[in-house]
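In the block that follows, a single chain appears as structure tokens, in the form predicted alone.
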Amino acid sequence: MNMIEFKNVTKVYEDSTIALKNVNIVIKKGEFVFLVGPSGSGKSTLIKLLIREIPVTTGSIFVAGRNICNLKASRIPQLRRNIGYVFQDFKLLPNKTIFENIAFALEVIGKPAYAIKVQVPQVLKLVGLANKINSYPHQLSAGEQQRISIARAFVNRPPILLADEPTGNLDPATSDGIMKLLSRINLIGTTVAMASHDKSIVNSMRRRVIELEEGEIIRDQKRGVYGS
């Protein structure tokens, strides 16, 4: 099953910047794919298009077989419930506990309190931070905060997890732990697409690599590497 498909996708911003040019990508259910390339190559634009944060200029984007370019605005929240999103800068709510941060992701989609009480501890156990449930973000290391960010993105068990430079602010040892966690989530069956410019991480994982340059795909390689 194709989980993500880009068909002849071009994105031109209002200032006439061409971010993507005639991009074609097929990502199967359960794949782990790296999106690589220098800053400005189109990686983040590709991810923003997938969650309908920005509209496509031309072409079509399919998620689980559905053309999301035609979605009414009222249906976009439903799309995003099926796509977890991990940021580089964590975006945790500083005045809420870890439990409350993760619970918030479930509250906004209408999950009942009893379900939240079950799901939050489960996902914290998955990311190895069950003992931090009552802590606040400032009491956690950067690596722990990113684990919480991943827990929040994954708590609703979305079929797709997008990660935009999730190790960008982390040291190598901490980054390694984050990658092992994302691999574990992928093994559960979740499709993972991760934008990264970290050659060492990409090359150590040996997963599929889609390389972008000036908005175009210049390489799509299974078990690929990034750079020399």
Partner chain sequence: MIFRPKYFFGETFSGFRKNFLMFFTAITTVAITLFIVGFFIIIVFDIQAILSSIKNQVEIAVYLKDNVTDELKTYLENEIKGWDEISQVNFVSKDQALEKFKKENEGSEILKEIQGNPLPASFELELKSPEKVEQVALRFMDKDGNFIEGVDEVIYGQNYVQKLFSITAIVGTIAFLIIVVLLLAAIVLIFNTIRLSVHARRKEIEVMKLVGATNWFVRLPFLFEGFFEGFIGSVISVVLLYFLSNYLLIRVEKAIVDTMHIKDLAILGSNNIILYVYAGLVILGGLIGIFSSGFALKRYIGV
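Residue numbers count along the first chain shown, from 1. Owing to the predicted nature of the structure, the values given are computational and were not obtained by experimental measurement.
Form predicted in complex with its partner chain: not shown, discussed below.
By the 4.5 Å heavy atom rule, the three marked residues R81, F104 and P112 all count as contacting its partner chain in the predicted bound form.
The closest non-hydrogen atom of K96 lies within 4.5 Å of its partner chain in the predicted bound form. Although the partner is absent here, V120 lies well away from its partner chain in the predicted bound form, with no heavy atom inside 4.5 Å.
Although the partner is absent here, L92 sits close enough that one of its heavy atoms falls within 4.5 Å of its partner chain in the predicted bound form. A residue is said to contact a partner when one of its heavy atoms sits within 4.5 Å of a partner heavy atom; V108 meets this definition for its partner chain in the predicted bound form. Only one of 49 to 57, 157 to 165, 31 to 39, 189 to 197 lies within 4.5 Å of its partner chain in the predicted bound form by heavy atoms, and it is 49 to 57. Residues of 141 to 169 that come within 4.5 Å of its partner chain in the predicted bound form, judged by any heavy atom, reduce to R152 alone.
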